[in-house]
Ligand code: TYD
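Below you'll find only one chain, the form predicted on its own, shown as structure tokens.
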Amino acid sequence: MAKLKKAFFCQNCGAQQAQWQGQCNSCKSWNSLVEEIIENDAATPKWSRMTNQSVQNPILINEVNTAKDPRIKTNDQELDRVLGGGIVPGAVILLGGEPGIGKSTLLLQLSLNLQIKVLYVSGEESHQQIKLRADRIGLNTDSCYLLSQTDTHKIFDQIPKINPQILIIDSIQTLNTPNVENGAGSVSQIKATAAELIKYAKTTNTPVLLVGHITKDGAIAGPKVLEHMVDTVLQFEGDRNHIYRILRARKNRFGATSEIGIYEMQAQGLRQVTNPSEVLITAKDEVLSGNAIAATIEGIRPMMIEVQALVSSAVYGTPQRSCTGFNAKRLNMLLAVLEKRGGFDLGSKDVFINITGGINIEDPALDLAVIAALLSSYHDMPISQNLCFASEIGLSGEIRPVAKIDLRVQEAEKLGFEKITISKFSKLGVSPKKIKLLSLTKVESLVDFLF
């Protein structure tokens, strides 16, 4: 038997220590070191037998040809957008999210929609369970192969029989390799199995998609080094009690990390939402106070988002400040600007802000819409449904221009808005034809304009 070596791993950050101690030297967390067994003289991994590994010589960067390996289109516009145009051959993608959010459903839909060979490896479900989900989704294909297995060496034994063009692992926390004696889900097992899969992906130029469980704090379970090892980290967000899901890229070596994809969870699976404004703006029979529409940007995608505000007298001694989908510190700043520059007494009022659709927005262009919604609720006077806002607010009460104003105006014009309020200093490339621009400079002028 190969020589075994014991080491101590931090369950929080994955750092390795030679001996046990109360505090981790890396992340400074207490009582997080656990003894695990490592096999130094491990057998040669199975994946190495499938490929002819040759010694590579240095090559000039200008001589590298990328034209022969185009991105793989997934037939999913939202996923392609988040990935930067499709799956790069040889890329390792890690998908994380809450239990029951739809990670397995998303990857199974991807497997059934692709017209290339896909090997779907599940360590959590049997073939019958996966087939039941596929029947519920209503998709069928002759190129998707299923394998219920957790031993990586047995998985690599089956791969040459199929030669898949995409490998999907559900999930990385359920895999184990005989080279490591610890149980599945331990730090050493996750690092070892991930390293084998990454080596396989880079050697054979086959994309590998991994599902990752998350902890109660929202971080992907296992060592933090796992996120550094992979090429792309996707986060599937949303509430299991709501139907909308947001797909974000937290890390992407082959594209931007500012793009998002929006899905709607239905009984037949996940439906792509190509026009986010249809779900982010509430349909109403009558115009209500406290609502304002903001023209925001996520990556290169313009979206119209409804901001809801409620201003009421404080019942208790200390006024409440509550935000859903908006930065609470930024709300406090906007309230201070309204009190100082607008003369409104909001110090004794409860203030609540909600971004509809269950998403979080960090775009500073939301400021003007938030203030408009606050003033509308404060005066209990509705704002016209044909008016939207796109500007940032400064501490002096000035209305500042925002980036990509042309895309915001075009989206508002396309959706039928008649007016958009922007900063007077915004620079438009092309003047719109069907929408009227309202240029303002200070918060005081907004109050005069609305009421």
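We number the residues from 1 along the sequence you see. Predicted model, so just to flag it, every value in this text is computed and none were measured.
Beyond what is shown, the protein has a form predicted in complex with ligand TYD; the following relates to that form.
*Asks:* For the chain shown here without its partner, which stretch in 151-159, 363-371, 91-99, 246-254 has non-hydrogen atoms within 4.5 angstroms of ligand TYD in the predicted complex?
*Replies:* Only one stretch passes the 4.5 Å heavy-atom test: 91-99.
*Asks:* Does at least one non-hydrogen atom of M265 fall within 4.5 angstroms of ligand TYD in the predicted complex?
*Replies:* Because a heavy atom of M265 falls inside 4.5 Å of ligand TYD in the predicted complex, the answer is yes.
*Asks:* Is N176 a contact residue for ligand TYD in the predicted complex, using a 4.5 Å heavy atom cut-off?
*Replies:* So N176 does not count as contacting ligand TYD.
*Asks:* Does R136 reach ligand TYD in the predicted complex if we count a contact as any heavy atom within 4.5 Å?
*Replies:* The answer is yes: R136 has a heavy atom within 4.5 Å of ligand TYD.
*Asks:* Is there a non-hydrogen atom of G357 within 4.5 angstroms of a non-hydrogen atom of ligand TYD in the predicted complex?
*Replies:* Flag for G357 set to no.
*Asks:* Could you check which residue among Q308, Q165, T105, Q189 gets a heavy atom within 4.5 Å of ligand TYD in the predicted complex?
*Replies:* In short, T105.
*Asks:* Select from the listed residues G290, P302, G269, P207 the one whose heavy atoms reach within 4.5 Å of ligand TYD in the predicted complex.
*Replies:* In short, G269.
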